[in-house]
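Presented as C-alpha cells, the chain that follows is alone, the form predicted alone.
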C-alpha cells in the first residue's frame, strides 16, 4: 500500500492522517503547535465549510477549527 501526501484542505471529511510537515512561516508553525498540530500527530478531519471556510479537526480529544489558509499549510500522509 502506498503512502499519499496531501494538505489538510484536500483531506476528505471523516478520514485520519498523520501530520508530516508544516509549511509556511514561523507564526503559522507556532499557531499550529499551540493547537497541538505538530509533525507526527494523527488528526481526524471532522468537517469543512464551502468556499474556503474553516476546517474542523480532532487532535487527540480536542476539536479545533482552522482557517482555510492555515489548514492549507498542514501537509499530511495517509494511505
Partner chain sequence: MRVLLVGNPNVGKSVFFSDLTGTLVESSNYPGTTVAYTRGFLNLNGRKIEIIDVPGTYSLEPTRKAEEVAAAMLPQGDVIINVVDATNLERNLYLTLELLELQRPLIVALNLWDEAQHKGLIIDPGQLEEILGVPVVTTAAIRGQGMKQLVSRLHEARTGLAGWQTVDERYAAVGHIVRKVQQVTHRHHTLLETLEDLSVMPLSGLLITAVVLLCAFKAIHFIGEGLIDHVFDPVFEGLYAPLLDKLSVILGGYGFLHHMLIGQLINDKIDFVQSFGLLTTGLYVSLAMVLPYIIAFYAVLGVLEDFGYLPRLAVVLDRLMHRVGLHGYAIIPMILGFGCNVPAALAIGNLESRRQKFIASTLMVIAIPCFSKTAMIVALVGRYGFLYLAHIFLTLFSVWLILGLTLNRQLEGSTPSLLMEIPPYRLPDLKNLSQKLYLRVGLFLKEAIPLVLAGVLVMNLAFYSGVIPIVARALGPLFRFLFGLPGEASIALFLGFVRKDVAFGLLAPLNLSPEQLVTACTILAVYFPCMATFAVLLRGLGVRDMLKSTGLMCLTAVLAGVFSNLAMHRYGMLLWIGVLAVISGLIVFGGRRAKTSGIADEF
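Please read these numbers as outputs of a predicted model, since none were measured by experiment. Positions refer to the first chain, counted from 1.
Missing here is the form predicted in complex with its partner chain; even so, the following discussion is about that form.
Remark: residue 63 counts among the residues lining its partner chain in the predicted complex, judged by a heavy atom distance of 4.5 Å or less. Proximity of residue 13 to its partner chain in the predicted complex: non-hydrogen atoms within 4.5 Å are present. Although the partner is absent here, residue 32 is a contact residue: one of its heavy atoms lies within 4.5 angstroms of its partner chain in the predicted complex. Among residues of the shown chain, residue 50 is one whose heavy atoms approach its partner chain to within 4.5 Å in the predicted complex.
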